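A single chain comes next, written as structure tokens; it is the form predicted alone.
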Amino acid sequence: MNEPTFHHALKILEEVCTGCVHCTVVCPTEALRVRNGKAILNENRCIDCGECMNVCPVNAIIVEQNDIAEIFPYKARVALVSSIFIGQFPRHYQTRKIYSGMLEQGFTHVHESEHGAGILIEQINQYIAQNSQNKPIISSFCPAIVRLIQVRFPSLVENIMLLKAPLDLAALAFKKELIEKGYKEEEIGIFYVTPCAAKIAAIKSPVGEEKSVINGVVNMNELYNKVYSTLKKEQYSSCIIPEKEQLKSEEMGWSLTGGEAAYIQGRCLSIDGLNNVIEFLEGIENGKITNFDFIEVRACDQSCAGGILTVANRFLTRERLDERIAKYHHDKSEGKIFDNKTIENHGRYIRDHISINSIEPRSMLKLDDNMEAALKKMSRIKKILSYLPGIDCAACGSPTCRTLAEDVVQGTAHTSDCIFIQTSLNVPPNEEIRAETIWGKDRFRKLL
């Protein structure tokens, strides 16, 4: 029963939490409970999707981050930023000026994290052809989806594509380039500017790798505020304004819905939003959805444009990036765009390091290590469920009646935690002690 724990970027502020159960209800992996009036997290179930943070009415759930001051011990301070960041700004700000605003914060180099997508396209198509027995191949781009499959759809783990995301490929290439220019490895700090919590967790605790090449993470909303302030003041005097954009058009849209599947051969589909993804994966798991070669799945609506650490409307972000792609095509036809050679120069190196190790399922509900004991617990869960009302009100502190039954057999809850059971049994007044273990003493004093 001793499951390994995983790094999580989402943190619950106990002193702020009111135990309102909003978070427990929306969690797609049923990772949250309310006990003693506070939300508590089952770390083995959490996938860092951020749904709980989105619905928390008192901002009791936050995302950890590296202080931007942590970049300064490094001689080469690389900001690796998603193209989504560019789409956050009002459209009259040129990309190169946004780059300059980032350099103004202390970074010495700015690169967009989708640079490796060009090489990845050919590798994905080869991977699909070589692993036809595991179709549909499921994209590994979104770390929240990878973790969702691990804990909720373990039978589909073998379908996850074992190739690195562009973020990791770009980090490898730019680090190698800096080393070739004379920097020592310990002098290079690569910091990813993230739009979501799941990527923080993926960097701190990579799936399919022992350690990430990325040194730290800066939250996108924090850096946006700093850069936007610089842009409004037009403070560019101390840094160089880059002369040209470097991403190719297929790379600019990679972090948007459809950006990946558009370049993959065969029958492909793009799905975004956790509820949509779960419904689709259930269809694949039970055999109702078949004959797809590749599935692009992203946890957030509009993919990374809808990340919990973005500041702009996701649809406006998409509009701006679509305009940027159209401008690229225009400038290329006018001869104003020159291909960036960094990635191509290290193409062989990237291809040699593009694979990740196999991904293992993570048991969301392991009743017992002993099979006989587990079967007995399963039987008891069914019996308890027959007494519970089945309306999933979450007033017991567990998200559903089934999870309450699971918690009861695991010894972390009691059947009388259900308010309907209490009523039907005419529970004596001293049983309110049970209720206090869910909601805390202060909540009941407030009602007197």
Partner chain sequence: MKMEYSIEGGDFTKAGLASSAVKKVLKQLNIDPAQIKRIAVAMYEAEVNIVAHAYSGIMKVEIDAKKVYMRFVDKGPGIENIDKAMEEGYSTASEAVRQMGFGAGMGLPNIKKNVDEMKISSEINKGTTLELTTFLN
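Positions refer to the first chain, counted from 1. Please read these numbers as outputs of a predicted model, since none were measured by experiment.
Heads up, the form predicted in complex with the partner chain isn't pictured, but that's what we're talking about next.
Margin query: Residues Glu158, Lys288 and Asp369 are flagged as a possible site; in the predicted complex, is every one of them within 4.5 Å of the partner chain by some non-hydrogen atom?
Written below: Yes, each of Glu158, Lys288 and Asp369 comes within 4.5 Å of the partner chain in the predicted complex.
Check: Any idea which of 373-381, 119-127, 201-209, 301-309 reaches within 4.5 Å of the partner chain in the predicted complex, heavy atoms considered?
Finding: Result for this chain: 373-381.
Notebook entry, point to check: Heavy atom to heavy atom, is Asp322 within 4.5 Å of the partner chain in the predicted complex?
Noted result: Heavy-atom contact with the partner chain at 4.5 Å: absent for Asp322.
Item checked: Non-hydrogen atom contact Tyr224 with the partner chain in the predicted complex at 4.5 angstroms -> Tyr224 lies outside the contact set for the partner chain.
Next item on the list: Using a 4.5 Å heavy atom cut-off, state whether Arg402 contacts the partner chain in the predicted complex.
Entry: Yes, contact at 4.5 Å.
Check: If you check in the predicted complex, is Phe141 within 4.5 Å of the partner chain, heavy atoms only?
Finding: Close contact is absent here: in the predicted complex, Phe141 is far from the partner chain, nothing within 4.5 Å, heavy atoms only.
Next item on the list: Sort through Gly347, Pro154, Gly266, Gly273 and report the residue having a heavy atom within 4.5 Å of the partner chain in the predicted complex.
Entry: Selected residue: Pro154.
Item checked: One residue of Asp293, Glu250, Glu282, Glu187 in contact with the partner chain, assessed in the predicted complex (non-hydrogen atom, 4.5 angstroms) -> Contact residue from the list: Glu282.
Notebook entry, point to check: Are there residues in 10-33 with a heavy atom within 4.5 Å of the partner chain in the predicted complex, and which are they, in order?
Noted result: Residue within 4.5 Å: Glu30, and no other.
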